[in-house]
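First comes one chain, alone, set out as C-alpha cells in the form predicted on its own.
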Amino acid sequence: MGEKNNMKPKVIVLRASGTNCNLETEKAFDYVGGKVDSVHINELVKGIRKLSDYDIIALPGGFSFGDDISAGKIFALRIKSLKKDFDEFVKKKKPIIGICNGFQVLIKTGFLPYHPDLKQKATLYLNDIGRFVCKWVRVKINKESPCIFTRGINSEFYLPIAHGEGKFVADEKVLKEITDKKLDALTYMDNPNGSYEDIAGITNEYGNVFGLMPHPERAFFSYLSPSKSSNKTGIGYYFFKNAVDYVK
C-alpha cells in the first residue's frame, strides 16, 4: 500500500458487549508493531471515533451481545449501519480480520462473501456435533489465495478453535465462486464442525478482508502450541505481522 514508512499502522480492535478475545488481539497487533486502540462499536455509531483514522480493523472473538439471536448477528447490524465507512475501508484495500465471532460478524454483514448491497450469502451454523468445540485442529493454507494475512505461512499447521456455530454453509453457486477464485484461504484437514468444502476461513477478491474460525492470537507464541518448535513466535504471529507489514 504505497511507499514504505516507519510509522506504526493504526489498528482499531472493535468490541461489543460479550467480546472476550479483544485483549489478546490487541496484544498481538501491538507486538508486531501496530498502534492499537480498543473501541466499542457504539463509539463509531455515535461518531466519537472514525474508521478513516485507522489502517487495520480487527473484529475479535467472543459472544458479542450474547449471540442472543444468532452468533454475531446484532454486532453485524450495528456495522451495517456504518456501511459507507466500512465500504470505503474495504475499497481502499485496508486489512480487516474477523476471528471466530468476528468471522461470524463479517459473514452476517455481507462483507464475506462480499455482496455490494451487503446481503448475506453464507452463514456459520451449529457444529455437526451439536455442541461447543474447543480444541486444536489441523488446517491448511491455500497458497493460491489472494489473502494478505496468510502470505508466506507454512502450508499445514495447528490452530485452536473454540466455537459452537462454526459450520460454514453456502449454496453451490456461492461455494463454486469461493473455490474457483481461490478465496478459501484456510481449510480444515480434519473438519471439526462439518463446514462445506472444509472451509475454516475465507477472503475477498482483494485479499484484504479475512475471516476465520480458528484463533491465531491463541497460537501467537510457540509455547502455546502442541507442536514442538524452537522459535519463540508461533504460527499465529505471522497472521498479524503480515497485516502490519502490508500497511507499511
Partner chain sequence: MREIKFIGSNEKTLVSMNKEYGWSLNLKELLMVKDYFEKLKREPTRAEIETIAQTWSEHCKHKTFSGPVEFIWKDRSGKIKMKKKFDNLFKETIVYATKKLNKKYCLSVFKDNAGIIELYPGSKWGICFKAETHNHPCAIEPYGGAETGVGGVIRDILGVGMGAKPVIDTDIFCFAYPDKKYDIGKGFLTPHNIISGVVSGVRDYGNKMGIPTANGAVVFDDSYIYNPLVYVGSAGLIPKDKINKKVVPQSLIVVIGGRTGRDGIGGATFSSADIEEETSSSHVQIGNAINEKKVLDVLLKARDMGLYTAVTDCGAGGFSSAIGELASDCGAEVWLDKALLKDENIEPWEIWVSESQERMVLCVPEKNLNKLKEICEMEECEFCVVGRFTDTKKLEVYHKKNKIIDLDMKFLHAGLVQIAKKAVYKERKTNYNSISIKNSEIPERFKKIISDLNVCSKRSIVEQYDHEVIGQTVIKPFCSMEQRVPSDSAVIWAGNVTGENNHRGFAVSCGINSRISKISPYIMSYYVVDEAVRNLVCVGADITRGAILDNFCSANPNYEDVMGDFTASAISASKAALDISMPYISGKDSFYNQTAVKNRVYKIPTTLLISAIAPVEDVRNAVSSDIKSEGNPIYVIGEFKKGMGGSVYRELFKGDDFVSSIDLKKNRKYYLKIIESMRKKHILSAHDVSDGGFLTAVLEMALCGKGVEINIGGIKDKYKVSDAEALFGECGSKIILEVDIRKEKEFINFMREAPMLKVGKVIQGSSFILTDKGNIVFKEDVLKLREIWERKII
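Every value quoted in this text rests on a predicted model; they were computed, and no experiment measured them. Positions refer to the first chain, counted from 1.
One more form of this protein exists, namely the form predicted together with the partner chain; it is left out here, but the text below deals with it.
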Which of 213-221, 50-58, 197-205, 181-189 sits within 4.5 Å of the partner chain in the model of the complex, heavy atom basis: 213-221
The partner chain contact in the model of the complex: residue 167, any heavy atom under 4.5 Å: no
Proximity of residue 42 to the partner chain in the model of the complex, heavy atoms at 4.5 Å: yes
Exercise: residue 35 in contact with the partner chain in the model of the complex, heavy atom 4.5 Å: no
Contact test in the model of the complex: residue 119 vs the partner chain, heavy atoms, 4.5 Å: no
Answer option from 126, 175, 141, 133, heavy atom within 4.5 Å of the partner chain in the model of the complex: 133
Contact set, 21-41 vs the partner chain in the model of the complex - heavy atom within 4.5 angstroms: 21, 23, 24, 27, 31, 40
